[in-house]
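First, one chain by itself: the form predicted on its own, in structure tokens.
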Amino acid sequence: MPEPVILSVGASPVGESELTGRDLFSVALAEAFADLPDPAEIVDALYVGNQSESYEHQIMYGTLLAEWAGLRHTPAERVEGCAAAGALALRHAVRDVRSGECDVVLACGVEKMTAGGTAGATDALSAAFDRALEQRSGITAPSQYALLAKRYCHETGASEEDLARVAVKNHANATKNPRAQYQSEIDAETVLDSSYVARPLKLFDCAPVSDGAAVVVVASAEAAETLVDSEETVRASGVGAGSNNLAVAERDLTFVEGAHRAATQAYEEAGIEASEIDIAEVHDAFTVCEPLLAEAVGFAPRGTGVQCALDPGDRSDGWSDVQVSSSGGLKARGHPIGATGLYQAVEAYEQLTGRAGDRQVEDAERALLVNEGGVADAVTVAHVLEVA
């Protein structure tokens, strides 16, 4: 089968933007194609991760962005999986190339969340919950994740201070990321003194409402050879995906099984083990997500995931040396929902090709991306990327 590689990436800065979704996409597209031919000359298909039409009252985002990229008559689809939409778009692009159906595919993600205001974003995110069992009770995303956090702390002995350190670490990483929404450091006291959103989660435990767009260009290795130098590509060597019950009450709250299964599948495809991953971008929509995912994907023994906030040398036995969320993660880089999975891929590509600047992780050769949709693992997508 053709080997899929990432040959270029682009992304807009994350934050509250005056630009529309299509214009944010134009920023990302221009960066991705700065050194490539016009998209119309090489692109065979396009997928767009987009969480909700309610922010801009816009569906048909596949067709819209194909038009904006000059890809008239090119197959184009919007992919929906709540916050996993971006990773699903990347998965489709990888599979299209791997099957031999396409030589070059655009995986895109875009969200203009601030267009709906806080109330609009809350309502749009709540649509990812089970209508009969959850939505009608008025439950929100923070309250759902607060249930996970309370159970995790109860089972492991983790504290609010432990969760705060995850936020501190990711804000520190984001200061080195020019695209990040938050580029100033915070301390644990700031997190702990912030207002509760849903106990035990406070304001600084939660990812922000964000605008942004990202583009990842996936191609066969053969096609890539005609377009870029080999050192500019990254192999997409493993992909995994899965789903779980939509309602949180119908799941085990102590272990993110969907992420475990997706990551295991990606590891098996790549022919590697969790201990061989150097960097990981995981779905820290709330601080509790990072320790839960660190355990689920095999980086940490059960109950020790909060040590993701520590330097690798300070972690307990059984932990890998992986660096988690060098971008600042959803928590500090920002979380434009449908684009988040692609921002993870952008970070991994830049790290693996030595383009991450001040945040560069030394000798990074393999990356794991974990993108979730709904609450925790209602939908989970994992990708293993490696130096070509």
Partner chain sequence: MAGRGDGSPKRVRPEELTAESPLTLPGFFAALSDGRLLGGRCDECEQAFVPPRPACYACGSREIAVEEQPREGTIVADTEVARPAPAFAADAPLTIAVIELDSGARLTGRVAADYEAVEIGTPVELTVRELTDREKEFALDHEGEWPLHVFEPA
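Remember, it's a predicted structure, so these values are computed and weren't measured experimentally. Numbering follows the first chain given and starts at 1.
Only in words, not in the display: the form predicted together with the partner chain, which the text now covers.
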(message) Does any part of S184 reach within 4.5 Å of the partner chain in the predicted complex? Heavy atoms only, please.
(response) no
(request) Find out whether any non-hydrogen atom of S143 is located within 4.5 angstroms of the partner chain in the predicted complex, and reply yes or no. (result) yes
(message) in the predicted complex, is there a heavy atom of the partner chain that lies within 4.5 Å of any heavy atom of R179, even though the partner is absent here?
(response) no
(message) Whether G138 contacts the partner chain in the predicted complex should be assessed with a 4.5 Å heavy atom distance threshold; does it?
(response) yes
(request) Scan A115, C102, A223, V197 and let me know which has any heavy atom within 4.5 Å of the partner chain in the predicted complex. (result) V197
(request) Only one of S316, T122, S275, S159 comes within 4.5 Å of the partner chain in the predicted complex by heavy atoms, so just point that one out. (result) T122
(request) Would you mind picking out the stretch of 198 to 206, 165 to 173, 285 to 293, 213 to 221 that comes within 4.5 angstroms of the partner chain in the predicted complex, counting non-hydrogen atoms? (result) 198 to 206
(request) Report whether all of A270, D363 and R366 sit within 4.5 Å of the partner chain in the predicted complex, measuring from non-hydrogen atoms. (result) no
(message) Suppose contact means any heavy atom within 4.5 Å; which members of 27 to 56 contact the partner chain in the predicted complex?
(response) none
